[in-house]
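The chain below stands alone, shown as structure tokens; this is the form predicted on its own.
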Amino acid sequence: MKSEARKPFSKDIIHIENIDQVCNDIIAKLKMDVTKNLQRRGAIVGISGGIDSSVCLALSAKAFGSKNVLGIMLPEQDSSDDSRHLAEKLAATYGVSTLIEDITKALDGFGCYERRDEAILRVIPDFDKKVDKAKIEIKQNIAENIPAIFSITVIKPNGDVVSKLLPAREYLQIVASTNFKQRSRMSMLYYHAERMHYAVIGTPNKHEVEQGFFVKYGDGGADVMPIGHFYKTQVYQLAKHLGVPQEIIDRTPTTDTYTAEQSQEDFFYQMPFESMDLIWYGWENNYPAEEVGKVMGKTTKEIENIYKSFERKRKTTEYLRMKPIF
């Protein structure tokens, strides 16, 4: 039997054509997974006002009915005020009940902020944790095939910016400290899931799963992940189709982890998700770099370098996706 010819690479190659059917399939599978396979009667969704958690809440409301879904907001002292406002608007859109669980005291107990600031001070001695804002970011161009090197950036109240490369020791300590946030949130989600006999709905999308942009046993811990195989572009398609509030759709994706404003592009991905989605698809499906480059307005060498970066990220984050070894 003759195999079907592969589609030429194009900017609409990952566009969902039959969006109604795709949504119906996700909802049917989600319902089957939770009620039949997991034997749970509803869903817990941590909501942050971000696009991924918003789509997961919308899908859950349609799968189980609004009365069988609980949206939980999990702010802490570094969280953006926008997150709560958008999360409340989202829940009201789908008629879902919400709870607010502030995890600041739990993080204080773990020493999250103290351990993080201790590492920052070793790199930038005049960092004032009371008034300065800080974040870590990658400044290298992904198309130059340079391994990601993180910098710590401190923003003073007067607008002055100090940025220095992070030594490995300090980088690891800052990441380990801030990961308390995701792990504390997951612990709280499971508390409510267990008391209500519900399932925890995971919110990572395809890139977060494949590139390791999640915390092991934090936001990577869940019972089901309904959008884990969807590109970010496709998540936005789902959001529009499901009626997610436009404010959330228009919001720039953020980590909402550090005190300074930080986009996911600056922190990890190194390129806009619209371009990353397409180039990742090209890499994953073995499209020649030259063909992808012509469509994306990049040289063959640039695409080859981005392919290498993708390969490196997936390889170096394999630990995060590994199950416990018995």
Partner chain sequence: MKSKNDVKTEIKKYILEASLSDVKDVEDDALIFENGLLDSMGLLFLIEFLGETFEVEVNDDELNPKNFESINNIVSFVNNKLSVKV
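All of these numbers come straight from a predicted model, not from anything done at the bench. Residue numbers count along the first chain shown, from 1.
From this point on, the text means the form predicted together with the partner chain, which you will not see here.
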| property | result |
| --- | --- |
| Stretch in contact in the predicted complex with the partner chain, which is absent here, among 234-242, 80-88, 211-219, 156-164 (heavy atoms within 4.5 Å) | 156-164 |
| In the predicted complex, the one of 197, 115, 169, 105 near the partner chain [non-hydrogen atom within 4.5 angstroms] | 169 |
| Proximity to the partner chain in the predicted complex, single hit among 149, 176, 100, 249 (heavy atom within 4.5 Å) | 149 |
| Contact label in the predicted complex: residue 187 to the partner chain, heavy atom within 4.5 Å | no |
| Close approach of residue 139 to the partner chain in the predicted complex, 4.5 Å, heavy atom | yes |
| Distance check, residue 144 to the partner chain in the predicted complex, heavy atom within 4.5 Å | yes |
| 4.5 Å heavy atom contact, residue 316 to the partner chain in the predicted complex | yes |
